[in-house]
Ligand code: LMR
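Have a look below at one chain only, the form predicted alone, in structure tokens format.
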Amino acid sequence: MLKTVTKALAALTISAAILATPVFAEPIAIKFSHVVAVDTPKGQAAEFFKKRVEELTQGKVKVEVYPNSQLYKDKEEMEALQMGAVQMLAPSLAKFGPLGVKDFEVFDLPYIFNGYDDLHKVTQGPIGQQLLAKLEPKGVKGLAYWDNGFKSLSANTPIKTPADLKGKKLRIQSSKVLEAQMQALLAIPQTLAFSEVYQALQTGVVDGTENPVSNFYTQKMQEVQKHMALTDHGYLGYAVIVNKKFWDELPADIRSQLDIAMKEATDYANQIAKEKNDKDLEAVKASGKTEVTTLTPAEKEAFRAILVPVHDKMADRIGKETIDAVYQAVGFKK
């Protein structure tokens, strides 16, 4: 009997000790996947976001950043987010057309923005927020827009007029608007994952491409492209998105801290975007491998005259109301 009582007391003591031991919850993990290099504007902003999240939450949230398509290529990453395999992405705005939200393809329209000031009237205004809200039925929550920059055209032959691109196989993202843009130039659009572009240029699968300079330089395309023209014909930016179910299930205080970190990261991303592109342009020139052509106003106007009609051609796809709203916001004139 005494042995039984002793055993019972010992068991109670152990149970009490277990209950008294503090239980530490595992940190919340956010897998943040993207397809560009760490030293691009998006790559740097993702690292900044990681740092601020972990500081603000005091380690309660850990952000794991996977750059350079380490986890997923362009076409795979959106499905991975919807399935919950990753929690956060920053895809280019062209990626939302295939998701079924074609309004975002307004950002692909050539020459619709005359610089960052025009652009921010949309991304930092009500139109930008209305577009992000259209992602929610797809299980996606839009948090912010991050800039990269305005695109230049490259090839292995000089580019000064639209005719210089006739018959060239030019790499694009998956986008009907970008297809129409290249067809307007009488070029042949070739859809390829970003991670495959360098090899495709090197082997001649494609003749050229369009990129902001930071993407061109960080992917070392100057090694496989002899010419670049600063056409500034289109914009490349990103929307930072999360899996909506994951976001909605986070504790409210954690969401608030992530919102603060995202606002700071967005300010940082947009601040460094132009600086990074300007710096990388000088590096491309200094490499001596790619001849960079700055178009005259008349030469740029020739590209604009060929490309702006793409707006009307794509109006039924994107939505005339969306295009007109952007026109009004930026004061666009054909």
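In case it trips you up, residue 1 is the first one in the sequence shown, and so on. Quick caveat: nothing in here was measured; it's all calculated off a predicted structure.
One more form of this protein, predicted together with (2S)-2-hydroxybutanedioic acid (LMR), exists but is not displayed; see below.
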query	finding
Contact flag, Ile30 vs (2S)-2-hydroxybutanedioic acid (LMR) in the predicted bound form, heavy atom cut 4.5 Å	no
4.5 angstroms heavy atom contact with (2S)-2-hydroxybutanedioic acid (LMR) in the predicted bound form for Lys176	no
(2S)-2-hydroxybutanedioic acid (LMR) contact in the predicted bound form: Lys276, any heavy atom under 4.5 Å	no
Tyr238 within 4.5 Å of (2S)-2-hydroxybutanedioic acid (LMR) in the predicted bound form, heavy atoms	yes
Contact assignment for (2S)-2-hydroxybutanedioic acid (LMR) in the predicted bound form, among Thr123, Ser92, Ser152, Gln225, heavy atom within 4.5 Å	Ser92
The single option of Tyr111, Trp247, Phe194, Tyr72 touching (2S)-2-hydroxybutanedioic acid (LMR) in the predicted bound form, heavy atom within 4.5 Å	Phe194
Answer range among 292-300, 268-276, 35-43, 57-65 for contact with (2S)-2-hydroxybutanedioic acid (LMR), defined in the predicted bound form as heavy atoms within 4.5 Å	35-43
Neighbours of (2S)-2-hydroxybutanedioic acid (LMR) in the predicted bound form among 195-225 [non-hydrogen atom within 4.5 angstroms]	Asn211, Asn215
